[in-house]
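Quick heads-up: it's one chain on its own, the form predicted on its own, in structure tokens.
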């Protein structure tokens, strides 16, 4: 009996470091942020209780609603090509006759290990109005006469931010899809081949349906990550009339530039509720589709 109890407590000892570190660096800041959202605090004076004043202000904040719209637009323009490119490359690189597929997998995954800040700076230089290589190329081949000020156009600036995110993350999703493809039994493809299915039909009616759990996983993770965009859009800039300012960028500017930490805390919980709602809707839609 004593030996069983000893082993039982040893398990708690092994998992204790994680829970202790999470409580100190995760749970305590989360709860303190919730407390700050009900106060007025500028980081210099003591917090003053404000009730739900910050949340009432948030519900009528047009800048916050604009940041929600910007985030959704950038996310949609990044996730659709991202998943299409990822699943297409995964199907191609999963074929046995492709030579050097491990090399190409590494090459396509490489942008995922580059920091978003670096990618944001890189794309901002490439699309620079005066010295950017894109304008140099377009003027050299004669497609345009004058350089294009990409970041002065709201839609071009959003598309550039979406391109950064797509280029960074499609390699990770490709690896996930390859893992899903390798879990499909060969017997399924052999049975479809016996039935006379062509290569395209096997992809359309066998591979894609069996990859549904992987699609659900990538979609949910993209929703959670896509609604928290900050690094790349911040390095590229707000765009004309703040058309590329995301929710997290608005939170950062409110709290750390304007020193309104209490309202920033309310924005943080507003973002949390939005992410949870979109994630719940995504899960509900996928489950309903399966039923």
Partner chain sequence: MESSSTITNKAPEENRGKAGPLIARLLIYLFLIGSAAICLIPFYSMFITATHTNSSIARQLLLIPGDQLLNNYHRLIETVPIWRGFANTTLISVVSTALAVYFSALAGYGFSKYRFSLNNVLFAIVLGTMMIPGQLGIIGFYRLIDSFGWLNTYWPLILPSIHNAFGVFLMKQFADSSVPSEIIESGRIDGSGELYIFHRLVLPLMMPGLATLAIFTFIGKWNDFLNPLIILFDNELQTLPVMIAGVKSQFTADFGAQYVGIVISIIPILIVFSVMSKRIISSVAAGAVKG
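Just so it is clear, the structure is predicted and the values come from calculations on it, not from any experiment. Residue numbers count along the first chain shown, from 1.
Just so it is clear, the following notes concern the form predicted in complex with the partner chain, a form of the same protein that is not shown.
Task: Stretch in contact in the predicted bound form with the partner chain, which is absent here, among 67-75, 136-144, 184-192, 153-161 (heavy atoms within 4.5 Å) - done: Contact-bearing stretch, as computed: 136-144.
Task: in the predicted bound form, the residue from 63, 59, 48, 28 that sits within 4.5 Å of the partner chain by heavy atoms - done: Looking at 63, 59, 48, 28 one by one, just 28 meets the 4.5 Å heavy-atom criterion.
Task: Touches the partner chain in the predicted bound form: residue 98 (any heavy atom, 4.5 Å) - done: Because a heavy atom of residue 98 falls inside 4.5 Å of the partner chain in the predicted bound form, the answer is yes.
Open item on the list: Test of understanding: in the predicted bound form, would residue 279 fall inside 4.5 Å of the partner chain by heavy atoms?
Closed with: Residue 279: yes, in contact with the partner chain in the predicted bound form.
- [ ] Give a yes/no on whether residue 110 approaches the partner chain to within 4.5 Å in the predicted bound form, heavy atoms considered.
- [x] Answer yes; at least one heavy atom of residue 110 falls within 4.5 Å of the partner chain in the predicted bound form.
Open item on the list: I'd like to know if residue 252 sits close to the partner chain in the predicted bound form, meaning any non-hydrogen atom pair within 4.5 angstroms.
Closed with: It does: once the partner chain is placed as it appears in the predicted bound form, residue 252 has a heavy atom within 4.5 Å of it.
Task: Stretch 87-105 - residues with a heavy atom within 4.5 Å of the partner chain in the predicted bound form - done: Read in sequence order, the residues that approach the partner chain (within 4.5 Å, in the predicted bound form) are 88, 89, 91, 92, 93, 95, 97, 98, 99, 102, 104, 105.
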